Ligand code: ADP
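Shown here is one chain on its own, the form predicted on its own, set out as C-alpha cells.
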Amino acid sequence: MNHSTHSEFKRWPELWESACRVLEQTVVQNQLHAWILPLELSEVQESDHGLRVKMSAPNDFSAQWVRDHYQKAIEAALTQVTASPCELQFLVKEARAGAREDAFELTESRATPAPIQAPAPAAGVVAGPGSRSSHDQPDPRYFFENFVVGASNQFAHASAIAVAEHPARQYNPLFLYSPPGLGKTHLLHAIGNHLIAMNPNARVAYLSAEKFVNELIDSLQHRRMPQFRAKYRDSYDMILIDDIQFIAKKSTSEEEFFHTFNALHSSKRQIVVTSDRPPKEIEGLEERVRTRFEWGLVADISPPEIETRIAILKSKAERDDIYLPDDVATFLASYIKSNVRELEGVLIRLQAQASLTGAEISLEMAKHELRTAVPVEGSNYTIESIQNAVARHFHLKIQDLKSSARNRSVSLPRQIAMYLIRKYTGLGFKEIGLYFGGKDHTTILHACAKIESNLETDQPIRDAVEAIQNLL
C-alpha cells in the first residue's frame, strides 16, 4: 500500500465485528441486519486527527441511507473499539469488466439513486404473510426539506412536523386528507424519515391500507393471525398507513384495524393515516373507527395556489437540474391547477423533449409540446362537450357512457370521460357522478386515479386521451 495503514488493525474483520457488537447495544436488531451488517470494512488509514475508516456498501442506496442515519453511531462504535477518533467514508463496490474484484469507487453524491429491492427480513422479526420485507421503511426520497409549503398545505405540514418531532404526544392519530396528487403521501414518508433521522433506533413502518388488507387475508387463509397481530401491534413505534379509505366496507379488515389502533394508541405509539376525504365522508366506514380518527388531529391539503405551484415547479427543476424559465413556470402553473403530480409530470415531458431536440425549454416549446395536456387559453370545456368528444372518438353513444355496462369497450371510455371532466372542469367527484347515471363518487375517484396512472405507462390510452383533447 502507498498509504500508511494502522498496523494494529490490519485484521479488519475482527475490528468490524467488535464494532458491530457495540452497535447491537444501540441499534434495533432488524435495522442492524438490514443496513449495517451488509457493510464491509475495506480500509483503515492513519490521519492527523485519528483514523480514516472506509466502509463498502452493496450499492448507492445503502451507502446514502447509512450515511444519513447511522454514520455517527458507527463512528462512535469504531472510536470505542480502536480508542482513536474515527472518520468514516463510504465506498460502493462496483462490478466492472476487467476490474479487480476488490475495486471500489468512492461515492459522496447526495442525489437519490434509483429504488432497489428491499432488504431481506431480519432475524427475529415477524414478517407478515405476503410481505417482502419485515421492515417497510419510508421512502428516503421524501423529506420535509423538499416539500414546498404554501397556504394550501401549511397547516398539514406543521402538523406533520409536530408529530415527527414529538410522536404520540399530542396529535395521535394524525389524519391527513386531500384529493390525489397534492402531497399527503410525501408528508407521510417525511414524518417517518424525520423520526428516523432524530432517532435511528425508532421502528417505523410505512404501508398502504391495501397491503394491510391483503396481509390480513393471507394471514386468515394460512392461520397466521398471531404473527400478523404481533407484527402490527408490537413491532413498531410508529405506523404510517396510506389511503386508509380502502378498508371501508371490509368488515373483517375494519375489525382488525380497530383493535390494532387501540393497541397502538393505548401503548402511546404514533399512528398517521392518509385518505382522499375526511373521516366523516368515508362511506361505509364503521362509526367506532371514524370516531377514533377524530380523536387526534384532522388536517387537509387543498389544491395549491399559483404561487405555490410555481414554487413546486422551481423546486422540481432545481432538484433535477432542469433549466426552467420563469415564463414557462408561470404558464404551466396557470393551467395545471389541481394536481401536483401532473404539474411535475409535464415538466419531465418538457425536459425530455428538450434533451431530444437539443433546444432549451421555452414558452413556445411548452405551448407546442403540451397542447394535448394543457387546455388552450380561453377554452370553455363542459361536461357535455367532453362526453360528446369521448363518445365520438370511441364510436359510442353518450347513453353508453352513462350506462352500467362493465365491458372494457365501454368502461374504459367512461373512465377517460370522468378523468377529463375532473381535469378540465374542476367539478367534485359527487357532481361528476350525477352525469354518469348517478355513479358513486368512489367510482369517479377510482376512474380518475386509474387513467392518471395509466397515462404514464399505457401508450394506447395516452394516444386516446390526446386525440380526444384535440377533438375538444
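Just so we're clear, the structure is a prediction, and the values are computed from it rather than from any experiment. The first residue of the sequence shown is number 1, and the count goes up from there.
The following text describes the form predicted together with the named molecule, which does not appear among the structures shown.
Engineer: Under a 4.5 angstroms heavy atom criterion, identify the one residue in A333, L324, A389, L182 near the named molecule in the model of the complex.
Structural biologist: The residue in contact is L182.
Engineer: Heavy atom within 4.5 Å of the named molecule in the model of the complex: which of A209, I312, A299, L264?
Structural biologist: Here the answer is residue option I312.
Engineer: Only one of these stretches, 246-254, 144-152, 285-293, 265-273, has heavy atoms within 4.5 Å of the named molecule in the model of the complex; which one is it?
Structural biologist: Among the listed stretches, the partner-contacting one is 144-152.
Engineer: Should the three residues E281, Q415 and H446 be counted as contacting the named molecule in the model of the complex, with contact defined as a heavy atom within 4.5 Å for each?
Structural biologist: The answer is no: none of the three residues contacts the partner (heavy atom, 4.5 Å cut-off).
Engineer: Taking the shortest heavy atom distance, is T260 within 4.5 Å of the named molecule in the model of the complex?
Structural biologist: Residue-level check for T260: no, no contact with the named molecule.
Engineer: In the model of the complex, does H194 have a heavy atom within 4.5 Å of the named molecule?
Structural biologist: No, H194 stays farther than 4.5 Å from the named molecule in the model of the complex.
Engineer: Give a yes or no for H186: in the model of the complex, does one of its heavy atoms lie within 4.5 Å of a heavy atom belonging to the named molecule?
Structural biologist: Contact check for H186: yes, within 4.5 Å of the named molecule in the model of the complex.
Engineer: Residue-level contact is defined here as any heavy atom of the residue lying within 4.5 Å of the named molecule in the model of the complex; does K231 satisfy this criterion?
Structural biologist: Result no; K231 lies far from the named molecule in the model of the complex.
Engineer: Just say closer or farther for the C-alpha distance from Q80 to R203 in the model of the complex, relative to the shown form; it changes by 3 Å or more.
Structural biologist: Relative to the shown form, the pair is farther apart.
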